[in-house]
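What follows is a single chain, given as structure tokens, in the form predicted alone.
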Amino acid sequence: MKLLVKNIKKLVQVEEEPIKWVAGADMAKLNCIDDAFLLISEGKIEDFGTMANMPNFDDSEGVDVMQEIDASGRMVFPSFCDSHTHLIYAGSREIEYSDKIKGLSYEEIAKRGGGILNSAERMHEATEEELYESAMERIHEIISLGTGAVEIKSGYGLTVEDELKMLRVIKRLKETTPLQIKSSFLGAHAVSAEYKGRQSEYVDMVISEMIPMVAAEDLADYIDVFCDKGFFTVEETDRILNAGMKHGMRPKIHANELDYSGGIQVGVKYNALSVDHLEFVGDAEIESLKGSETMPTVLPGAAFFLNMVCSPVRKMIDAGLPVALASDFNPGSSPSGNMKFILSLACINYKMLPQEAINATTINSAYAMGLQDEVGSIARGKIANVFITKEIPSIEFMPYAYGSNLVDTVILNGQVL
């Protein structure tokens, strides 16, 4: 079945020759086609161009356009790619939100048994079915807001059984939703209450028990570690990544959210697909990223919600680096998967141009989850994950109208939802 979207006011993020990412000054460039058409066939993008050059499909042999959408006055974007989330959780943490307002820090809340340990306790009590049903509600929400691909982490289990439980739910979501989903094993998100004061023993357990069992069931695409002040050290991260890589899991790293931790450097050392958070980035970190295959990924929602210092995105771009943006959707520090709001935060708080922010939430964030060959841009042969906007005057209106849902129609895998 074919789908023709015609009279598109602007077709955004078009690639004639697909690339893996956009970096440096090129992030301010966004290739678009005005007055365009988009032809989708068998779930893939088959063709696109200007309306003036659109073939007469009615007369074309072998072309059977079964469905047409007139997008007059509206734009078509590639779906957002959200490369860092924790959207499987059992219950919200709004009480901690009040604690933050009262002045308690992220670390102080964690030391009192809040934060990740709070979510771990609730995770232990929840069934797989309960977790799946609540996650599906969040999946439907992010789809309606324009997301077409998402990475989901474990990390609220902190025991072998509960980490596996989370990862099995992610696997089920992969099988039952139209999203492209990648899974990350994050057993080293925090030290469980059972191992309090025995962090090295917990690390040993992650390496000797968790990782082999995750690999045996083929439950994770990537392995992640929270390498930061008050969490896991560079040496511990080094050991965990080595073990994960031996079982076929490429690294992704939580790094430098709370301080200069060395997490970026250890991520680059092990060819991490991405290093994420990055509130604390200096010259040494930028130099380590230059020439690497590691995507710097910034999480504006977490910095906004925690009222933290913003990552030096302009400095990274000016140094020629690519930058990706993701939501960090989770119950404690970023309870939203709205990638359009991430666009707005990028422009307002990080001084990114709208074009840079769009590149960072599409092609670059697709790379940060290993999907740049499949999604993240309008290119022939890529999966047809796109959304049609409501009538808007310009691409700049997307981040400008920060509180409005401007998504009118969602198309995933070539299917109108």
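If you're wondering where the values come from, they're calculated on a predicted model, not measured in any experiment. All residue numbers refer to positions in the sequence shown, first residue = 1.
Below: the form predicted in complex with a small molecule, not depicted.
Proximity to the small molecule in the predicted complex, defined as a heavy atom within 4.5 Å, holds among 296, 332, 78, 244 only for 332.
When the small molecule is considered in the predicted complex, only one residue from 138, 86, 182, 340 comes within 4.5 Å through any heavy atom, namely 86. The stretch from 123-131, 250-258, 199-207, 310-318 that comes within 4.5 Å of the small molecule in the predicted complex, counting heavy atoms only, is 250-258. Heavy atoms of residue 156 reach within 4.5 Å of the small molecule in the predicted complex, making it an interface residue.
When contacts are judged by a 4.5 Å heavy atom cut-off, residue 226 counts as touching the small molecule in the predicted complex. The small molecule is not drawn, but in the predicted complex it has no heavy atom within 4.5 Å of residue 165. The closest heavy atom approach of residue 93 to the small molecule in the predicted complex falls within 4.5 Å.
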